[in-house]
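Single chain ahead, written as structure tokens, the form predicted on its own.
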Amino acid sequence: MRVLVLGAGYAGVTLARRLESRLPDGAELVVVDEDASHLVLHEVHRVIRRPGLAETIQVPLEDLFDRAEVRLARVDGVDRDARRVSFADGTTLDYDYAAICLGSATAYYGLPGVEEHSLPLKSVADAEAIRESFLGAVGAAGRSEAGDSTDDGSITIDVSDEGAMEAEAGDDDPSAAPAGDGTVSAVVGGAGLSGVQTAGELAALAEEEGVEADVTLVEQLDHVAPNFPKNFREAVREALETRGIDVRTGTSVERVTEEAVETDAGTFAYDTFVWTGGIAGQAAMGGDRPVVRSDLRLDERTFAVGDAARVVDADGEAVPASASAALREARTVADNLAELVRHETEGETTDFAPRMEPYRFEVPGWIVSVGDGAVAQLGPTVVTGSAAKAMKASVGAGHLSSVGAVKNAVDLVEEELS
């Protein structure tokens, strides 16, 4: 009897660790991931400003499991009829039960130039690339400013009619090109929680570097954090605007070139462009995120957990893609899957399979960081300031502690509250 857990993100790690103590002794448990470490993904935006945090938010898979076998491989496809998983290296592995916890990929929606010219945020390497792009622009802006100076150290100012018109247009027109005044421009596409946190980090990084920066957050829908309650959305927007971030909601990206993001509300020049505008299924799933109901099953022997699926819970409610949901889904699946394996391996006399416990979406609240600040919601109450910041630190630390990475948890709290 072989049980496969495909993916070692929030859902996969939580599921596999729970199965270690729940599966019968004779069952084989295999965890598959292409990366040798588990990433605390909701903290990866911090690496944009704090590259040293990369080690803290990654935990080697070999440190996480006692019983499960870890196989490092990229899943290429899942044949549910044959109960066989194929890998990018050409090998395959059969299963009796499997849980697909592969997470999601960045969705580009076929928008011209978006994938080609943007930086995503799905990994430590992505965060490092965003940092490098932004700081590279900072360096170039500094050199440009120095190049505009005269020999005696004074700065040459264009006072021609044409220059005056360009400056005047730049005051109100987002399509105006940068004036070459040393200002760095960053555009973040998508104002979900990842986009909000990315914009906050870039604004804070500019402040730390002592440079002028125009950070613009573009969102097609009418609100930032559009899938969340109204008072949370409003507090997040206020936190962004307080930090000087230009929030452009109700604005659709139409095309992106090497130098600018073209929208239905104008054109935004950029030095760094980050795209967090949506999620799609992984290539191994044909780019799809299949719908699963409250039992989280694609078929009798295959589950889909976390962002790999679009989940409808026991109350018929669509479950938002989030770490909180993935963790709780994984616990439900672990208990149900273990019951199925026990029923099959221990020779139950009844012909009826165990009843699956339904998953019901219940989370205590939401939290998002915005630079050095944070916004949290607990029930109907929205919290900001130091209390929200402490809560944000406790979430990541709590997850690290739950998987046994206590030192990482302590280091994360110290970094978040410093």
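When you see a residue number, it is the position in the sequence shown, counting from 1. Owing to the predicted nature of the structure, the values given are computational and were not obtained by experimental measurement.
As for the form predicted together with a small molecule, it is not shown, yet the points below apply to it.
The small molecule isn't shown here, but in the predicted bound form which of Ala73, Val291, Ala314, Leu135 has a heavy atom within 4.5 Å of it?
Exactly one residue meets the criterion: Ala73.
Exactly one of Val224, Ala99, Ala199, Leu102 has a non-hydrogen atom within 4.5 Å of the small molecule in the predicted bound form; which residue is it?
Exactly one residue meets the criterion: Leu102.
Taking the small molecule as it sits in the predicted bound form, is Val274 near enough to touch it, meaning that at least one heavy atom pair lies within 4.5 angstroms?
No.
Since only the chain is shown here, I'm wondering whether Leu41 would be in contact with the small molecule in the predicted bound form (any heavy atom pair within 4.5 Å).
Answer yes; at least one heavy atom of Leu41 falls within 4.5 Å of the small molecule in the predicted bound form.
Is Val305 close to the small molecule in the predicted bound form, meaning a heavy atom pair under 4.5 Å apart or at it?
It does: once the small molecule is placed as it appears in the predicted bound form, Val305 has a heavy atom within 4.5 Å of it.
I'd like to check something about Val124: if you look in the predicted bound form, is any of its heavy atoms closer than or equal to 4.5 Å to a heavy atom of the small molecule?
Looking in the predicted bound form, residue contacts with the small molecule do not include Val124, since no heavy atom lies within 4.5 Å.
Since the chain is shown here on its own, which stretch among 380 to 388, 23 to 31, 364 to 372, 51 to 59 would lie within 4.5 Å of the small molecule in the predicted bound form, judged by heavy atoms?
Of the options, only 364 to 372 has residues within 4.5 Å of the partner.
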